[in-house]
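First, one chain by itself in structure tokens, the form predicted alone.
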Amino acid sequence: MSADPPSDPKVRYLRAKESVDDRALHRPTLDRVREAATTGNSLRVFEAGPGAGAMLRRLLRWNLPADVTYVGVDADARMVAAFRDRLPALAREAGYALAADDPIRLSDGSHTVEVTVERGDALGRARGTDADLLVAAAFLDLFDAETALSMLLDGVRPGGLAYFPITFDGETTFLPPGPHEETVIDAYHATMDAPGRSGGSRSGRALLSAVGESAATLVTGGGSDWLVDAQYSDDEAYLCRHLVDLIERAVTRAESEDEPSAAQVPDAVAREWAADRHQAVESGELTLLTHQIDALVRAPPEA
């Protein structure tokens, strides 16, 4: 990350976790994605929830076909703005230059990548996209897996691929354990499973089950677990602090019309847990582990 980190906490979190995601991605699955993305004369990519541009950063560093179209759709206007602001730097780092502004075209002399990043409903926007490769990273824990899979596959050409990396699957562990550790973490996972909330704390396995019930085919998949040990960088320390704060807010959030009720923790208990976790980060003693699943899915062939 640059010397001047983003001021928006969510943008900074997404940027801070990129190196952790890079290490965590299931290599055999990523290799299959790279193989598919770099074969042929053209490539159409649609990304649901692209955040700050991590997946495009990876794509631009591969030996892509000569003609690439990338469309990213995010519900958060801040993410769209952050992505657009970052795009020139992403291009330069991968050896591309800005060849046109509207639409944005990147070129390295032999490859052209047309980039569109917009705000919107990615599930609805995917329909009819006819993408060769659809990407939805750390996305499906916000939705019912079966419904979201069906809608996203509507955006993939017959026989095309959908890549679902970093799909959370039910494990968040801080070591060494802090006070009230099990109580707080269980309550945190319960907030993801609250009645009326789409998605859940075991979205990885829900995705695999949804694929099995669909006409699509699981090409390959595997674990993409985070491991952030006590030798963390400044970015990784920020990631740990951000996650601690997120968990504290989640487990003490008051029930409202906008937030489904879930198992909650008394404020004093959550504060004590969070203070201990922050101290463990500052002293270089905290280790963070989370369990995620990556899956590469092939859309059914044309009927």
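Start at 1 and count along the sequence shown; that's the residue number. In this text, all values refer to a predicted model and were calculated from it rather than measured experimentally.
Another form, the form predicted together with a small molecule, is not on view; read the next lines as being about it.
Heavy atoms within 4.5 Å of the small molecule in the predicted complex belong, among the stretches 266-274, 29-37, 49-57, 232-240, to residues of 49-57. Within 4.5 Å of some heavy atom of the small molecule in the predicted complex lies at least one heavy atom of Asp76. With a 4.5 Å cutoff on heavy atoms, Asp108 does not count as touching the small molecule in the predicted complex; it lies far away. The closest heavy atom approach of Ala122 to the small molecule in the predicted complex falls within 4.5 Å. The closest heavy atom approach of Leu218 to the small molecule in the predicted complex falls outside 4.5 Å. Between the small molecule and the residues Ala137, Ala91, Met151, Leu133, the one pair within 4.5 Å by heavy atoms in the predicted complex involves Ala137. Out of the listed residues Val20, Ala280, Leu288, Leu14, Leu14 is the one that sits within 4.5 Å of the small molecule in the predicted complex by at least one heavy atom.
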